[in-house]
Structure formats: C-alpha cells, structure tokens
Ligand code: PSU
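In structure tokens, one chain follows: the form predicted on its own.
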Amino acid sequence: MEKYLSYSQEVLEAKEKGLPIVALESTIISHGMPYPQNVQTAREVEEIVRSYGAVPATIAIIDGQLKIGLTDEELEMFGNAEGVAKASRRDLGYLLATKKLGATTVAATMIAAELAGIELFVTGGIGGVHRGAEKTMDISADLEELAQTNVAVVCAGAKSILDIGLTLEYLETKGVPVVGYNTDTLPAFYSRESEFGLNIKVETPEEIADMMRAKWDLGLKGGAVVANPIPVEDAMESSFINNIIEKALKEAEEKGIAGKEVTPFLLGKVKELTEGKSLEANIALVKNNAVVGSQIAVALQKNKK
C-alpha cells in the first residue's frame, strides 16, 4: 500500500497519536462548486472538523498516489485545475497508473478512507438511482460502495435530482442502514424532508458510533448513510426545488447528457435557475454535515479504544 497511499503531515501525526480523522472528498471542489466558493468551502469545512477535535483528510489522486490529506496549495490547485478526472471505483487503477489528477467521488473516497483506516466520511449528498433508471440503468457506484466498504457516510440524504424512493429501495436490498439524525424522514439535500420515512432515528453521535461498532464487530461489511438534514434557515421549499429539477432534467435529456456528466450539469443548471440559492444551500449543508461528522468521528475513536 505504501506505493499508492500518501499522507499529509497533519494526517500522519493524527494516525500516530490515535486522533479521530474525518475523510472529505475532492470532487465537490473540482466538479461540485464554482471557484472561488469551492476552495473557500473546502478550507472552512476543514476548520470545522479541527474545531470539534478531529483531523480533516481531504482525499484526491495526485502523481500516481491516493493523497490522504491535502495541503492548502493542493486545495487551491484542485479548485482551479482544468481536466481533473472525476474518479470513482472504476477509474482508480487507470488514474494511479497514468499519474493523472483525479478528484474522488463518494465511492472512491470511501475506498481510500478504508485503506487509510478512516471510519467516517463527510460529504454533501450521496449518489443514487437516477430518475428514469428503469430505462437507463443509471445507478451510482456510491450505493455499491456503501454495501461493501466499512466507512460511515454523513450526508444531507441523496441528491434531490435523483429518484429518492428507488435509492432507498436499493440501499435496503444491499443491507445498508439509512439512519436519520434527529429526523424520521430521509432529507432531500436542499430540503429537510421527503415523503420517505426511515426505520432508524438517532439523536446523538454516540448512538451512531455504537451502532457502527456493533455492525463491524459482527463482521457485517459495508457502511451506513447518516442522513443529516440541512439547517432550517438554509433549507429550500420542496415544491420550488422539485419544479426546477424537472426543468433541468428535461434540458439534460434534450441535450443528450448522460453518465457521469449528468450530475455536474444538473447541479449547475439548478444553481442557475435558483439564482445561486442552491449553491448557498449546498455550502450550508456541507458545513452542517462536518459538524455532525466530526462529533461521530470523535465518538468512534473513543469506542474503538
């Protein structure tokens, strides 16, 4: 593994001291937000993690290695660089072999986190089953990763551009726990709730840490989705955002946009149609997830000892 994994000094010291570490993805920097908000948000999220007693590890592919923890200069580079590959499970071998720059998705970040011994990952929203998947079979690799990789993922639910009901069904089939953090329904990214109820509701980081430890102690492979709603003051009204998503989906279909290009296009279109409000909501929910995720990471480290 030493050939393929590289640690920042901060993460290396955290591992040596047994400190809690929070994995963070880099796709949100390269493909999820425009500059300069992407780099600014990445820095602020890392500071939130530190303020709660954990160590941030933003993950990316640089010069043939999975870099666990980025320097400030590397964060800036990923916010500006052109042609950065969007890296999921299928892309890792190729990008490492060719030494191309890669920004890790949820799936790839989970893989790297597990290889580095990190149990908790904070993101905005997970990928899932796309609308119309019964025809296109467009299903994110994130869901398969959640079923087999031992990393808990804190998010604001599934991205609302997806078919949330089918995403939940897929996760249930794969045995992935979907846990509501102080909520009975699955949050819909920009909105605090959806029409889909959840079987598990927890109220403290310690409950989630204990649940994950019991799951992994039993040898049950895979992670969990910790669904943390966007703060009330930043949430968008469901009917408003759904109407805009429908318009964006129609345009994507008319333009023949498919595969891994769909999500960046839709998020960009939603930002345009909401006059930037969706970007503000996205930033707010990522920061909120960092608060909860850091607390869970601290609890996981305590019950590990």
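Residue positions are given as counts along the sequence shown, with the first one as 1. These numbers were taken from a predicted model, which means no experiment stands behind them.
Separately, the form predicted in complex with the named molecule exists; it is not shown, and the next lines address it.
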- prompt: Should Gly127 be counted as a contact of the named molecule in the model of the complex, where contact means heavy atoms within 4.5 Å?
  reply: yes
- request: Answer for Lys269 alone: is it within 4.5 Å of the named molecule in the model of the complex, judged on heavy atom distances?
  value: no
- prompt: Does any heavy atom of Lys260 come within 4.5 Å of a heavy atom of the named molecule in the model of the complex?
  reply: yes
- request: Would you check, heavy atoms only and a 4.5 Å threshold, whether Ile28 touches the named molecule in the model of the complex?
  value: yes
query: the named molecule isn't shown here, but in the model of the complex, which of 199-207, 163-171, 134-142, 179-187 has heavy atoms within 4.5 Å of it?
result: 134-142
query: Looking at the named molecule in the model of the complex, do all three of Lys86, Val106 and Lys159 come within 4.5 Å of it through at least one heavy atom?
result: yes
